[in-house]
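Form predicted alone, single chain, as structure tokens, below.
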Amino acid sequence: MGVKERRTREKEQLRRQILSAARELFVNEGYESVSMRKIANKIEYSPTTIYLYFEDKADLLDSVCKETLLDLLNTLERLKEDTGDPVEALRESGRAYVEFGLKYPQDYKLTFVIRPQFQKGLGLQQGSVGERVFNYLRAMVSECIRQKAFRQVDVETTGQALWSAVHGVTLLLIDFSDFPWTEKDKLIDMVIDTMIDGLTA
């Protein structure tokens, strides 16, 4: 490996180290309580070093959340490739979405709860990873309509309703773990199946 390649790899490793430290501190101490200096101390570098990679703390939070959304998108897109049935693909995607949130609850809350409190919106600007996640859902609803598996419904409203359902159950299961929930998988399936069955032609 040449000097240039080694330096590039080292820079990427440091960038990921910064992101990992920021994610941990944002989760454990709260976004408002974390400073760039605190992040720098955690990785034993100077704050100046972090500013070589990220503009400010908001940029760090945005980058952490983009990584989470990209991981979620990759998870969903793999499912779409595994089945030719658009309704089943949508059903499996709903389950995968909830399971992703439950597997990475802190990352999920950073992205969908904490970030919107400090940055306007959910990061759905044109071409963003967030927009691509929502476009995935829109495309799946459109395909169900095209194949006449769903009756004629408004794609945007339907997509938002489906997301509201899976987001709601995900956040409730994360935040209220001491509630006497019924069997988790049964609850998740009931939420998703009720929504989808109400749309079938």
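Think of the rigid core as the biggest set of C-alphas that the two forms share within 1.5 Å after superposition. Everything numeric in this text was worked out from a predicted model, so none of it was measured. The first residue of the sequence shown is number 1, and the count goes up from there.
Omitted here: the form predicted together with another copy of the chain. The next part is about that form.
| said: My question is simply whether F176 lines the interface with another copy of the chain in the model of the complex - judged by any non-hydrogen atom within 4.5 Å. | reply: Yes, F176 is a contact residue.
| query | Counting only non-hydrogen atoms and a 4.5 angstroms cut-off, does D197 reach another copy of the chain in the model of the complex? | reply | Because a heavy atom of D197 falls inside 4.5 Å of another copy of the chain in the model of the complex, the answer is yes.
| message | Whether L14 contacts another copy of the chain in the model of the complex should be assessed with a 4.5 Å heavy atom distance threshold; does it? | response | Because no heavy atom of L14 falls inside 4.5 Å of another copy of the chain in the model of the complex, the answer is no.
| Using heavy atoms and a 4.5 Å limit, would one call Q117 a contact residue for another copy of the chain in the model of the complex? | Yes, contact at 4.5 Å.
| request: Establish, in the model of the complex, whether E55, S63 and A96 all lie within 4.5 Å of another copy of the chain, using non-hydrogen atoms for the distance. | output: Checking in the model of the complex: none of E55, S63 and A96 is within 4.5 Å of another copy of the chain.
| request: Go through V153, A149, L70, A40 and name the one with a heavy atom inside 4.5 Å of another copy of the chain in the model of the complex. | output: Only one option qualifies, and that one is V153.
| query | Going by another copy of the chain in the model of the complex, which residues of 164 to 181 come within 4.5 Å of it through any heavy atom? | reply | S164, A165, H167, G168, V169, L171, L172, D175, F176, D178, F179, P180, W181 sit within 4.5 Å of the partner.
| query | With both forms fit on the core, has V27 moved 2 Å or more by CA between this form and the one not shown? | reply | True for V27: a C-alpha shift of 2 Å or more.
| task | Superpose on the rigid core, then tell me if the C-alpha of R138 is displaced by 2 angstroms or more between this form and the one not shown. | result | Not so; R138 is displaced by less than 2 Å.
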